[in-house]
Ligand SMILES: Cc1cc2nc3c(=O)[nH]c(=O)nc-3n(C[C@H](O)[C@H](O)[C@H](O)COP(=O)(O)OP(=O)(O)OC[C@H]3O[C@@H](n4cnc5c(N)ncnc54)[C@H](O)[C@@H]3O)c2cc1C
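Below, in C-alpha cells: the form predicted alone, a single chain.
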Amino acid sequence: MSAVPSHDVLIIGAGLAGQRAALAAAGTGATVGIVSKVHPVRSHSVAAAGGINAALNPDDTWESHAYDTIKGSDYLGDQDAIEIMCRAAPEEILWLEHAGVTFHRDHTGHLGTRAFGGASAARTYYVADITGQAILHVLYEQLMKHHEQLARYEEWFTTDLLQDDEGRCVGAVCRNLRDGRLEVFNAKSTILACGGAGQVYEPTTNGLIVTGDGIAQAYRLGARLMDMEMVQYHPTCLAGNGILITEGARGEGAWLLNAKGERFMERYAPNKLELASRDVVSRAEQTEINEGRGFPDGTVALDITKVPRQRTLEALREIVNIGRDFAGVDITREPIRIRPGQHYVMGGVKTDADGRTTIPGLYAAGEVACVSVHGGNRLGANSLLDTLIFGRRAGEHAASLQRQIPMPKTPAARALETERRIAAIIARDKRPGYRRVAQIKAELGASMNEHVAVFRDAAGLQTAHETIRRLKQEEPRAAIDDSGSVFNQDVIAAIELGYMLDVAEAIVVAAKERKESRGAQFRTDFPKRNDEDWLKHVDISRNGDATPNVSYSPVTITRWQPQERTY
C-alpha cells in the first residue's frame, strides 16, 4: 500500500453541503480532501429543482422566513439554528450570484422569486427548474481555484470511519471504485456530507446513490441520531417510478384535482390551498385516494394548464420533458397523474450549529445531518439553504481545529480488516435459492412504503420492524455475482444494504416511540399533536445488534411559542 493520504479536513460527499464545506475549509488555508462515490456533479443535489429560500427582498424579513420555517416544522425545529440559517440566507444568495449562479431575473433586471409551500412571501430564488444542478456546477468550478490545497477523490466509496483510542474520529477507509484499491485517509477533522437515505423506501424521488451511508457510519461509530421518524413524502410524484414533479409547478399556479375534478385543497387548507406545507398537502392527497375520490390507479391530478403555456415552457421546462418522456403527457395541455412519494429525511446525525456531532472530530452537514432546522416537516426550498449555510459553518469550524491538533497516524494496514470483509462478501454462496441484494432491498422498500409512510399506526410499525429484523438476519448472506475489482457495484450495493437496514430500523423505532401526530409523523392511533408530552426530539443510538436505544433532547424555543398549525 502507498503512503497514507492525510488532510486537515476530510469531507465525505461532494454535493452542495460537501462542496460548500470544502470551499469554506480551503478558504482558511487548511488542506482538504473531498471524497465522493460518484463524480461530484452527479451528486443527488443535482435533483433539487424548485429553488432556494432567502428573505432578500427589502419587503421581506428573516424573522418572517424563520417563523414560516418554525411553523412548517410543526414547532419541532430548533429556533436558534433556524435563526442562524434565515439570517445568513440573503448573504449566501448574493455569494452564489457573484460566484456565477444565473438566478432568474424579472423584467426590471432584479433577482426574481417564485412562491413555495408554507411561505408567507415569494422568497424562492431559482434557475428555471434546475436550481440544484446550476448551483452544483458553479461550486465545482470554484473548487478548481483551490487545487493546490484541495484534493478530489472522485468515485471513491467510504467503507468505514476511523476512531482512535480516545474515541475521536481520525479519518476513513475508502475504496477506489476504478480498481478496488483500499486506502486509509488520515484527517484531523472529518465532515459527513453524503446525503439522506431515500433508497430505504421504494419508490422514492432520490437517486440510487442515496443509501444512508453517512447516517449509518456515524451511528455505528456511536453518534446519536435525531428526528429519524420525520420522513417527508413529497405531494407530487409520478405514480410507479416516484419521479419528482417540482413544487415550483404549484408555485407557478398549478391546481390539484381529484377524479371528480374538484380542487380538493379548498377543504384541507382554505388559505394556502396547493401551497400549504408538504405534509398537509400529502395527507390531503392520500385522504382523497383512500376515500375513493382519486383515480383507479391510486393517484390524483396536477393541472399545470392553469399556468400560461409560455411561462411553463420557460420556468418548468424539465418537467415538460419528464411528463412527455415518463408519463406520455403534454403538461401544457392536460393534467398529469401524481401521488405522494418519499422525498427527504428531516432527521439524521445529531449536530450543533457548527456541524459537530456527538463524536469528537466528526462533523455532518446537509441531509445526512440533523441540526433540526426542519423539525417535523421541511419547507420546500429550505434544503438547498440548509446544505450551504451549515456546510460552510462545518467547513470553517472543522478547519479551525487544524492548528490545535497533530495529524493522526492510522497505519495503512488498518485497511486490511475492510479488505477481509469485502473478500468475504465476494466469496458468499451464489447457489440458486440465496436471495440477491436487490431482492432484500426491494422487500425493505415496499415494507417501509406500506407501513412507515404518510399515515402510520402501531401495528404497521411493528410489522415493519419485524421485517427489518428478519432482513438484518438475511443481509450477511445476500449473494452477489461480480467477483471483479473494476467498478464492482455489486460489492458496493451489498455494503449499502447494511447501511439502509440500520437507517430503516432507526426510522421505525423513532416512529414507534413518538406517540402523537406532528409534521410528517401522522399516527392514526394518536391523531393529535401533544405538546405536553412530545414537544421534544427523539434521539436514537446504537445498542450493539439489539433494538436501538431511545433517549430525548429538548427543542430549543427562543421567541416563537407553539400554536395550532393551520394553512
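The numbering used is simple: start at 1 and walk along the sequence shown. Please read these numbers as outputs of a predicted model, since none were measured by experiment.
A second form of this protein, the form predicted in complex with the ligand, is not displayed here; the remarks below concern that form.
Of the listed positions (Val35, Val538, Ala54, Met500), a single one reaches within 4.5 angstroms of the ligand by any non-hydrogen atom in the predicted complex, namely Val35.
The contact with the ligand in the predicted complex, taken as any heavy atom within 4.5 Å, belongs to Asn206 out of Ser189, Ser372, Asn206, Thr236. The three marked residues, Met230, Gln286 and Phe526, fail to reach the ligand in the predicted complex, with no heavy atom of any inside 4.5 Å. In the predicted complex, Tyr75 stays away from the ligand, with no heavy atom inside 4.5 Å. The ligand in the predicted complex comes within 4.5 Å of no heavy atom belonging to Ala22. Using a 4.5 Å cutoff between non-hydrogen atoms, Leu10 does not count as a contact of the ligand in the predicted complex.
Contact between Gly366 and the ligand in the predicted complex is found at the 4.5 Å heavy atom cutoff. With the ligand omitted here, the record of contacts in the predicted complex names 192-200 of 468-476, 192-200, 292-300, 84-92, defined by a heavy atom within 4.5 Å. Within 4.5 angstroms of the ligand in the predicted complex, the stretch 156-176 places a non-hydrogen atom from each of Trp156, Phe157, Thr158, taken in sequence order.
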